[in-house]
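Below you'll find only one chain, the form predicted alone, shown as structure tokens.
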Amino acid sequence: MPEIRVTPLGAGQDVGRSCILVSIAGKNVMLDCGMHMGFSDDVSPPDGRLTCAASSSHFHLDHCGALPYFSEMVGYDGPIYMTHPTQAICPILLEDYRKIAVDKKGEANFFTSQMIKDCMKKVVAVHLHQTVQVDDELEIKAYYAGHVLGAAMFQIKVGSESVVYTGDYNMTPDRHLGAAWIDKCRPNLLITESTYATTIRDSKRCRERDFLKKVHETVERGGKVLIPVFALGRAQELCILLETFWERMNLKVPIYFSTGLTEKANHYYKLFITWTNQKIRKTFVQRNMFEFKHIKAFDRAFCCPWAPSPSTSGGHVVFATPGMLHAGQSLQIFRKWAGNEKNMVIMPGYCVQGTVGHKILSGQRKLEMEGRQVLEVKMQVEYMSFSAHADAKGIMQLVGQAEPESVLLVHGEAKKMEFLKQKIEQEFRVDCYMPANGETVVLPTSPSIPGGISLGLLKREMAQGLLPEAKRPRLLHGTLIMKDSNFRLVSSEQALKELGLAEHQLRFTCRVHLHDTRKEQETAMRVYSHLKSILKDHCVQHLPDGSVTVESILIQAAAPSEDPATKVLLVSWTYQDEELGSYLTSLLKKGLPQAPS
């Protein structure tokens, strides 16, 4: 029995370190290979030599951060599939990650800069909706996922078996990216993220208004606003929002962004403008939305505890990376500003457990930092979701679009997954799974064999005046011919002609016993009268030899020599009229109406 096996090595009942191993028709495919933002552990990818192909859905480190380890240290030597924007941005973020881990934290047994370069040489960049043939059987296809620049969902297919992996996606268009989209591909399995499995977001416009109000009020009273973001994605979304508001209100309060990141972002958005939404593409020639007038470069020296703030005259806004306050510049600025109640930190996205961002959103106001130093948080902490993940409504929408046979949830919290699992099973009547890390789900699959149908057979069916319904199966009678490993359904006449065979008709006969003392001819006449009165829409005939026909069904009456008072009705039909034959048999078994005496 063919089967699909799925083992989450990361993101099983957890957010972070996405790494999904799929075995389909005996071929192993690695979907994403990320690192965890909140914790360090010993979980690592499997032996790369046993894997046929790997893909990375987008450039976030929890989806691609362990790729060099997998390809250069574990022995994987096959292709790594990703989109062109992901291919361009991924090595930059991997190098930043390596510098922080090795140069600042002093971690050993880590991949090197050369390993990142060697890993990227194995990348095969794909276009949206392009079907890439990995080998003679395995093929991969990418779909637009929204979320961040270059994010893609991947369909893996071997023969008639297929799996769709969403990575992270967003079903709502925003200020710079479009909504995720997939066709009605009907995979055997849809593996979907479930970060916001129980959340249905409020109006985006209301959230934007609240965000702008809080930022404006804080800077007006001389406070500083820290917005931790990842380098690409929500950063551009919120920069466009603040830039538009600052211009409309004619504000002079400075906004800062990490040095170099705005330039890099601007370069990539110019290069991959076709991945943005329709509005940005239309106005790009007149004005590049990513060239900000009010947002300036932020010098790293300002992060140092002894350095003065970039603006001593009052409030200002700073975008700093990374987005969960787990390391880097955002954490340094947070430590410097946390003690002043006039300041504010706005967390615009999800924070995984173990990060400083998750701790302060959970209400912790005393944090143990490196060297056992305790940091007291007096600044205001706000959570305003500008996350580019699909909410519960969006996840259900995608399941409805793809129409999978089964669904598997990853990249979410166990309790929230359980709720969504029940909703999916109730609404779509499909099995839904939520394995933990290291747990394997096995799905048996029923192979489908594609076949053609002759035009003559279709025309004959249409001539009967029966129009096919899109969502209801239609039964066609014909002969299945296999030639050169291809299957065709043709009419019986065409099959006989093509194969040079004479026709042999096969009929099925059923015996019905009746108690009737009359002669066989009289019994047959009673059968004829009874059926004629019931089957008004069918052609019922009484033939000269005493037999009765209903369409192609033949009914004959006979009397066994051992019991003349019992008559046997022989009902015979061809396989085409099996339904009507069965109906007549059950009707006659109920007996004939009493004849008037």
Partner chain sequence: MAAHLKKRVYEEFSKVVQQPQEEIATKKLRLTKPSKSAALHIDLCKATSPADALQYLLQFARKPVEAESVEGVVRILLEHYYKENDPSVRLKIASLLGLLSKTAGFSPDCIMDDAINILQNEKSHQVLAQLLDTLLAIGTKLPENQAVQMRLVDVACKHLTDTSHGVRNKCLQLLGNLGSLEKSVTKDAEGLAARDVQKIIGDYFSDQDPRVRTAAIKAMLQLHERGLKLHQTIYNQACKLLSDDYEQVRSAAVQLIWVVSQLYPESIVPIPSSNEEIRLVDDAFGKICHMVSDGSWVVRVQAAKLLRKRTAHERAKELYSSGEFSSGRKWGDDAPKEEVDTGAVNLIESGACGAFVHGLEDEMYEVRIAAVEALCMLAQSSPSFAEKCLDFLVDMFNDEIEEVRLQSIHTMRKISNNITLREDQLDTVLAVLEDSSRDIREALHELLCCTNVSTKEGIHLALVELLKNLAKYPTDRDSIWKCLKFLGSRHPTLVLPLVPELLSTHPFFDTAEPDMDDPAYIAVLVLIFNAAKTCPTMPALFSDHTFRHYAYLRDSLSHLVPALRLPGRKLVSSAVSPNITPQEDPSQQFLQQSLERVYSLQHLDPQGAQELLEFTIRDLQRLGELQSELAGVADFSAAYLRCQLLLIKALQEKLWNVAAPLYLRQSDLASAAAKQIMEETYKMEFMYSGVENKQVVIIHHMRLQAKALQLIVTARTTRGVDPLFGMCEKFLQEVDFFQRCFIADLPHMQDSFVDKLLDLMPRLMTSKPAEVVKILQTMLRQSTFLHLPLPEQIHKASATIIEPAGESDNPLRFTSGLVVALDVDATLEHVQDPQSTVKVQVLYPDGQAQMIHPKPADFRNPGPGRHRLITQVYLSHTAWTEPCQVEVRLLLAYNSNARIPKFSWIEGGEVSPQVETSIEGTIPFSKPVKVYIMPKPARR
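Quick caveat, the model's predicted, so the values are computed rather than measured. Only the largest set of C-alpha atoms that superpose within 1.5 Å between the two forms is called the rigid core. Positions refer to the first chain, counted from 1.
The form predicted together with the partner chain exists for this protein as well; it is not shown, and the discussion that follows is about that form.
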{"property": "The unique member of Ser492, Asn340, Ser385, Asn437 whose heavy atoms fall within 4.5 Å of the partner chain in the predicted bound form", "result": "Ser385"}
{"property": "Proximity to the partner chain in the predicted bound form, single hit among Arg98, Arg234, Lys416, Lys336 (heavy atom within 4.5 Å)", "result": "Lys416"}
{"property": "Touches the partner chain in the predicted bound form: Ile453 (any heavy atom, 4.5 Å)", "result": "no"}
{"property": "Any non-hydrogen atom of Arg175 within 4.5 angstroms of the partner chain in the predicted bound form", "result": "yes"}
{"property": "4.5 Å heavy atom contact, Asn288 and the partner chain in the predicted bound form", "result": "no"}
{"property": "Proximity of Ala179 to the partner chain in the predicted bound form, heavy atoms at 4.5 Å", "result": "yes"}
{"property": "Proximity to the partner chain in the predicted bound form (heavy atom, within 4.5 Å), stretch among 191-199, 82-90, 512-520, 118-126", "result": "191-199"}
{"property": "Candidate site Glu243, Gln364 and Gln380: all three near the partner chain in the predicted bound form by heavy atom within 4.5 Å", "result": "no"}
{"property": "Per-residue C-alpha change between this form and the one not shown, Thr355, threshold 2 Å, rigid core fit", "result": "yes"}
{"property": "Cα displacement of Gly323 between this form and the one not shown reaching 2 Å, rigid core superposed", "result": "yes"}
{"property": "Met249: Cα shift of 2 Å or greater between this form and the one not shown (core-aligned)", "result": "yes"}
